[in-house]
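Shown here is one chain on its own, the form predicted on its own, set out as structure tokens.
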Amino acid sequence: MPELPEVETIRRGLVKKILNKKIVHVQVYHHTSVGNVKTKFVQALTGNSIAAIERRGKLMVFQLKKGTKSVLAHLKMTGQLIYEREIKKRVELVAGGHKLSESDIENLPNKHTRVALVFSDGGQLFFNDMRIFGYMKLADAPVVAKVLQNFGPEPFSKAFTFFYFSLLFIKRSRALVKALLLNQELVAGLGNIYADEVCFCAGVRPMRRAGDVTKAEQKKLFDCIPKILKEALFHRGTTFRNFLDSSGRKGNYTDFLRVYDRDGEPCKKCGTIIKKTRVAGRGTHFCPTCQK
């Protein structure tokens, strides 16, 4: 699943490509992807335009210029947003999300396309989703507000303070550290990859109970969250399943990962073999020596 760095990379790129462009045609290929309101979805977007794109955690909010509706977009496990436009016989292809073969990307729409938006300049935005867990759903302002209330503070926001963060370890003392970090209601945007990397950065094993983590270790975790996310954003995210950013470039944070998906390989810091286990139902990587 794309996490904060990947989704923010997509958001920034699409802002440059599709804002204020008139949507002249909307095609819904799978009604559940738009919340089973195909007709309303098509009517709300046709002739409209996207005024702004915001992100909360891993969720994107496309604000429509006309009317009171927005579109909530979540890529979940296998979703992709792909923008395509032909300019002087050259195809401008920009994308973000999960794996598609080159032939699939070159032949849009394809069997995984769930929604397509056609803009007045000839550009097209495709929402592809192999497993149909993701969505693009219409929502009015009260619904959007309610959905956003379910997210904890953004790691880069003023609301994300050490006082707030440290209280989580008291209130959720029985929770595993990784489960705490993955909980979107507590901290928005972290997923499996970066939770592992944050724990390694802080020298804390992800399977420890929150109540057993010292104040000093809490501070290390707190400091490592924005540090790791900023690194990943700078490198446009992590390339798994051919993640592409909105300029068609692969994210390349993979080369900088310390533990995630490196089980059986030596730790880059101490040389100990990285181990993999399951924590909070997720495959979890850690260094037995560097993390206590």
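Numbering starts at 1 and follows the sequence shown. Everything numeric in this text was worked out from a predicted model, so none of it was measured.
The following text describes the form predicted in complex with the DNA, which does not appear among the structures shown.
For this session: Using the partner position in the model of the complex, report whether R174 sits within 4.5 Å of the DNA, counting heavy atoms only.
Result: Because a heavy atom of R174 falls inside 4.5 Å of the DNA in the model of the complex, the answer is yes.
Exercise. Quick one: does H112 come within 4.5 Å of the DNA in the model of the complex, counting heavy atoms only?
Worked result: Taking the distances in the model of the complex, the answer for H112 is yes, it comes within 4.5 Å of the DNA.
For this session: Classify A141 as contacting or not contacting the DNA in the model of the complex by the rule of any non-hydrogen atom within 4.5 angstroms, answering yes or no.
Result: No - in the model of the complex, heavy atoms of A141 and the DNA never come within 4.5 Å of each other.
Problem set entry | Contact test in the model of the complex: L108 vs the DNA, heavy atoms, 4.5 Å | No - in the model of the complex, heavy atoms of L108 and the DNA never come within 4.5 Å of each other.
Problem set entry | Contacting member of A159, I132, L148, L167, with respect to the DNA in the model of the complex [4.5 Å, heavy atom] | The residue from A159, I132, L148, L167 that makes the contact is I132.
For this session: Tell me whether M77, Q184 and G191, taken together, all sit within 4.5 Å of the DNA in the model of the complex, counting heavy atoms only.
Result: Yes, all three are in contact.
Exercise. Since the chain is shown here on its own, which stretch among 124 to 132, 159 to 167, 213 to 221, 197 to 205 would lie within 4.5 Å of the DNA in the model of the complex, judged by heavy atoms?
Worked result: Flagged stretch: 124 to 132.
Exercise. Are there residues in 2 to 19 with a heavy atom within 4.5 Å of the DNA in the model of the complex, and which are they, in order?
Worked result: Counting only heavy atoms within 4.5 Å of the DNA in the model of the complex, the single contacting residue of 2 to 19 is E3.
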